[in-house]
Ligand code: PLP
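Consider the single chain below, provided in structure tokens and representing the form predicted on its own.
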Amino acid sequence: MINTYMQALGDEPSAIRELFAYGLQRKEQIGADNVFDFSLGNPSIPAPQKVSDLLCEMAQLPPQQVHGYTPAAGLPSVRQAIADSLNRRFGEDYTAGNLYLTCGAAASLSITLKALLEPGDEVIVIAPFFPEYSVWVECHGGTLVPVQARPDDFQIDVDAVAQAITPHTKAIILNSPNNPVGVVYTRPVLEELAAMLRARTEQTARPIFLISDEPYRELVYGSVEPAWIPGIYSNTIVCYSWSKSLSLPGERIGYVLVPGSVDGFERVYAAVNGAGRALGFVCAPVMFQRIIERCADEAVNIAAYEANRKALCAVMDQAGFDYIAPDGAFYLWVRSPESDAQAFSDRAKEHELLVVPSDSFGVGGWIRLGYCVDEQVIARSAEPFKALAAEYGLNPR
């Protein structure tokens, strides 16, 4: 009577969303100041003033200009503005014809996977990874193949990726800066990966695509600069969203970039358009298409995230927890003092600390803390974290 796979997805709980919902309930019960919710990656920095100004300006335009349909792939002028921005930043020569506008990075990834995958194809992901990758890959007929990152620094283990490649491997999803760890993949590691993939392609005459999932590209700290992956490996398709770079997660605006260097570019770009059509992802939100046309080079001021990052690391140091210092995004990856991350997350709840266990990210023994929160949440969480650490006999560093 119904698609039982879809029913199972609807019934399957999301650890992150369930924790967030629990937090809302606890805030109603005991007050928001007494709950320390690090569960959700919801940007807490306002969008740039230019975005707000343009929203007011758009409201005065004739309705058909901001609420009417556009071409399925998006307005040509908007796509060209984005291409021009990428060309300025990365020394490329993209045009509007390389871009397909989407309802955020989730739609971009779903469209790209739908465009590429055939029955029996495999997609490698680097664990830990964003949980929805498994849903999108499987929904479009593929098989997810997790490969563990290097355990010391969570960079890509290129040898392990090479061993995981089979005749059925169609693509590898990369997410840098990474959710949940915050690591930025280094250029030497990416170059090593690209060289290995080129060698495999020469042997098999079957291209392996890199799908670069980049919603956190602009959220990096210090001197760190994420590499432009299409400049390293020609068969790269970029999936992007302005959810984080402009703090617009609820507006669902992003793109798929298919560089002209991709093998069979015309066929791949046509498949992206076809996948958007098949999935109903046509004509991305028009008002925000027009805003992006004039904000393609804008970004939020990440100083608050950088301050939160420093403050939360200090809280972890004072409590005695081990963690991976993040180079980007707004997550802190903390080692659980017991192997069962879910049990540790449950115990943290007793201190009103809401932390996401690592199991849904494809690894065990860690937790993720989202520090896109008010600075006072971090400050007030110091004593609860110390109390939790004391229960495990941890010593401050």
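Numbers follow the displayed sequence, beginning with 1. In this text the structure is predicted, and so the values were computed from the model without any measurement.
Although it is not shown, the form predicted together with this ligand is what the next lines describe.
Is it true that Gln318, Trp366 and Phe385 each have at least one non-hydrogen atom within 4.5 Å of this ligand in the predicted bound form? Heavy-atom distance to this ligand in the predicted bound form: none of the three under 4.5 Å.
Does any part of Lys244 reach within 4.5 Å of this ligand in the predicted bound form? Heavy atoms only, please. Yes, contact at 4.5 Å.
Report yes if any heavy atom of Gly74 sits within 4.5 Å of a heavy atom of this ligand in the predicted bound form; otherwise report no. Outside the cut-off, so no.
With heavy atoms only and a cut-off of 4.5 Å, decide whether Tyr133 touches this ligand in the predicted bound form. Looking in the predicted bound form, residue contacts with this ligand include Tyr133, since a heavy atom lies within 4.5 Å.
Please determine whether Arg290 contacts this ligand in the predicted bound form, using a 4.5 Å cut-off between heavy atoms. Residue-level check for Arg290: no, no contact with this ligand.
Would you kindly say which of Ala296, Leu197, Ala106, Val125 lies with a heavy atom within 4.5 Å of this ligand in the predicted bound form? Selected option: Ala106.
Can you check 201-209, 172-180, 300-308, 276-284 and let me know which stretch has heavy atoms within 4.5 Å of this ligand in the predicted bound form? Of the stretches listed, the one contacting the partner is 172-180.
Sequence order please: the residues of 58-78 with a heavy atom within 4.5 Å of this ligand in the predicted bound form. Read in sequence order, no residue approaches this ligand (within 4.5 Å, in the predicted bound form).
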